[in-house]
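One chain comes next, on its own, written as structure tokens: the form predicted alone.
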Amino acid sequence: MGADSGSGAAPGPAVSWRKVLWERQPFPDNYVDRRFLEELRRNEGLRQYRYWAVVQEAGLVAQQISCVALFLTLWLYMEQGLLSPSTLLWTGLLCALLGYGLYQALAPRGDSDNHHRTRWSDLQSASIFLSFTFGFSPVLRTLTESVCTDTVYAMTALMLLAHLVAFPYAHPSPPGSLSLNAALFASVCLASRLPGDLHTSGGLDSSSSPSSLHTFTMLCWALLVFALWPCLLQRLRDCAPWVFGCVCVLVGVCGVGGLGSLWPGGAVLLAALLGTVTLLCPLLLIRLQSDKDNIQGPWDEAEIREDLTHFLH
């Protein structure tokens, strides 16, 4: 449709066209005048990104992928008998205490959540969770006994992928319910395929079922990595941005190094994935911004710009 276009010939200049619908005019319904394209606007409100700012935001995605890799590395160490569940459990407890102390130290002085929630209530919540988790561990470790191992591994991969997709990267504290539940379900699946604590004359019997301590340890570490760690990371992101960047790099290095100690090929793939997410994808985003071409004009839907809040009272 061009200027002065319509289904028929437009009347002469004696009659002026007005852009109204409530008045009958001697013009076709699809008629527009020469001012139609004068109101064309391109890329209105286009946001310009800086490369290193985008890299810093992409670091949160990379570190979450590294957290999944670290969790799988811990499971591989337990599955191969290189790390006992008791050692891993005490290490997790120490990390939780250090992380809680750092979280409290970084809390703003005017934080209302700090006043309403005391350390005693935090201790009560942790005790209730640990008690219920340890009590239900004998039940949880038998949930997938009748499922073949290949199916369990496929479900684990699917749940960890769902965790990464559904994770609230914009504000990871607290983590989303779908993301956290997917990670916990994956930890239950992995715990069911750990070797048991029954010993034979030749060593660990790999055909025995996992003990309740294995399941309890996996669930505790799943909560530590996928629920508590994002809360501390969000606090670092708000209070110490430069520390946040260093922590993301450190988590990525630990993820690649831990996986490389057991599977060098997987470490190479993980490093390539982290480099793509952190460095290549932000560069691609900025390069594609120059090709963006959005047009706005009088053909768009009408926008009410008047403040209508006084009608709500």
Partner chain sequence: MVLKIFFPQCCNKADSGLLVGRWIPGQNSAVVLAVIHYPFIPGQVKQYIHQMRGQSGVDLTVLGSWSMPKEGQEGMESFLRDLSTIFPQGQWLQLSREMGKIGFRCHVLTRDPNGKLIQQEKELKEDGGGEKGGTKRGGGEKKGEENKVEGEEGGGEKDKVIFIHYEQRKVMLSQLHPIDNGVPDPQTESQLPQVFGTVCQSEPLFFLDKYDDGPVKMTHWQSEGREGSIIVELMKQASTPVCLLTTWMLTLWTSLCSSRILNMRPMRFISSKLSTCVQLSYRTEHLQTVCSPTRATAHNHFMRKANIFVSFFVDVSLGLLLVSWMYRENRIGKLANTLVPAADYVAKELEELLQWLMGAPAGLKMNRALDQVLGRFFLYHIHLWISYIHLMSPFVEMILWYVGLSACLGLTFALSLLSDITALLTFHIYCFYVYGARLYCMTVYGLSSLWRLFRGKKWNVLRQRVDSCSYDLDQLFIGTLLFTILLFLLPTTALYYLVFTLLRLVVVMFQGVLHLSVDFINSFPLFAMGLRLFRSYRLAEGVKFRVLCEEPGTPLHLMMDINPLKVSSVVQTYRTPTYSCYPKDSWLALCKKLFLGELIYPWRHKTTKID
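Everything numeric here is computed off the predicted structure, so don't read it as measured data. Residue numbers count along the first chain shown, from 1.
There is another form of the same protein, the form predicted in complex with its partner chain; it is not shown, and what comes next is about it.
Please pick, from Y100, Y169, Y153, F136, the one residue with any non-hydrogen atom lying within 4.5 angstroms of its partner chain in the predicted complex.
Of the listed residues, the single hit is F136.
Of L236, L74, L160, L228, which residue is found within 4.5 angstroms of its partner chain in the predicted complex when only non-hydrogen atoms are counted?
Checked against the cut-off, the match is L228.
Stretch in contact, per heavy atom within 4.5 angstroms of its partner chain in the predicted complex, of 80-88, 100-108, 237-245, 171-179
So the stretch in question is 171-179.
Hey, in the predicted complex, does L194 get a heavy atom within 4.5 angstroms of its partner chain?
L194: no, not in contact with its partner chain in the predicted complex.
Is there a non-hydrogen atom of T144 within 4.5 angstroms of a non-hydrogen atom of its partner chain in the predicted complex?
Output for T144 is yes: heavy atoms within 4.5 Å of its partner chain.
Distance check, I128 to its partner chain in the predicted complex, heavy atom within 4.5 Å:
Yes, I128 sits close enough to its partner chain in the predicted complex that at least one of its heavy atoms falls within 4.5 Å.
Taking its partner chain as it sits in the predicted complex, is W120 in contact with it (heavy atom to heavy atom, 4.5 Å or less)?
Close contact is absent here: in the predicted complex, W120 is far from its partner chain, nothing within 4.5 Å, heavy atoms only.
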